[in-house]
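Here you get one chain, nothing else, as structure tokens; it is the form predicted alone.
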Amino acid sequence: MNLLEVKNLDIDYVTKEGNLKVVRDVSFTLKQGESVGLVGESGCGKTTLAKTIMRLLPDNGVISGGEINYKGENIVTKNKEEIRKLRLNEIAMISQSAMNSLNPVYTVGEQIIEGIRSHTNMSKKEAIKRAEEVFAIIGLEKKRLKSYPHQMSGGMKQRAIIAMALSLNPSLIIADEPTTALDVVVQDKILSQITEIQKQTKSSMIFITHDISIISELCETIIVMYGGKIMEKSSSKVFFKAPYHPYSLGLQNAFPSILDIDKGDLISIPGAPPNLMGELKGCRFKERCPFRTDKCMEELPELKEIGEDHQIACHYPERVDEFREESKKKETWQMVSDRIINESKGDA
């Protein structure tokens, strides 16, 4: 049985202007001990998806369809008390901003101990001992439990957040951009620690990032999201060897690679993510895709199998060789930029 199974999930944000359809028809599974990477630009729906699994959506967030089955039970239908028992014990989240996640008027230790005791029957002495154990695991001295957040560096604070998430050995860890704003050396150390801890505890992980290079090191499976939908889903080995979707190709071109020294200058994807208000026609990526056709403008491509454990949402998988070659050229994406400018002038 899968540890986590997300089925046809739809999520909306209710606003005065209407509903923002931030996640649409998202499905994936996660086995015990497996790592899945969610990749995409800001606004693609990956953090909203993570908060929904934790049932931490803001008041205007609504699960408008689908299921989230954890260990065979649909947590969408669970009440607040049932969800509270799952958090930290079964599912824990490492947030992307340690400074905003820690209360500045309490010591870090007080906050971790409070979290442990609020979800278990541990005595204060037992909770302190457990806090010391997880601090040792993530490379912090136990005396740092008495530190306030402002007395710790960014890397220390991020480690403390990881320690809090791991304090009750959850089966599922959701890491949402856990190394944002940290320097490369600290980032590498923290990512290595997360990976090692996951192996030791045999926990599963959903790793959320905009940096596809991180996924190649951490996750067996990669899910590329855009405009609230899955564009491509594959094993990491297959994806980094041969991505298919035009958006995936654009992302790959935007990141440096030590494996391809002849790659040349990086190429960004022109334009911005789509407005998810109201009814959307066609492919979500159509405005920024250099290979779009009339069919792309009108018909939403289904997520379909193109190989073993490899799915894409594109009308033209058979043209992938052409897309790969053309996507490497600056002029291909410059054409998109010119088109977006011309279309905006036409709308003005």
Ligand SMILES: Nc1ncnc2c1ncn2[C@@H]1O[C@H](COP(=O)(O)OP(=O)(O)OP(=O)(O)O)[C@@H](O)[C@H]1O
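This structure is a prediction, so every number in the text was calculated from the model and none was measured. Start at 1 with the first residue shown and count on from there.
As for the form predicted in complex with the ligand, it is not shown, yet the points below apply to it.
- The ligand is not drawn, but in the model of the complex it has no heavy atom within 4.5 Å of residue 132.
- The closest heavy atom approach of residue 20 to the ligand in the model of the complex falls within 4.5 Å.
- Although the partner is absent from this view, residue 119 stays clear of the ligand in the model of the complex, with no non-hydrogen atom inside 4.5 angstroms.
- Residue contact with the ligand in the model of the complex: residue 210 places a heavy atom within 4.5 Å of it.
- Every residue in the set 41, 60 and 177 has a non-hydrogen atom no more than 4.5 Å from the ligand in the model of the complex.
- Contact with the ligand in the model of the complex, judged by any heavy atom within 4.5 Å, is made by just one of 37, 45, 301, 290: 45.
- Of the residues 169, 187, 193, 96, just one reaches the ligand in the model of the complex with a heavy atom at 4.5 Å or closer; this is 96.
- Heavy atoms within 4.5 Å of the ligand in the model of the complex map, among the stretches 281-289, 307-315, 66-74, 46-54, onto 46-54 alone.
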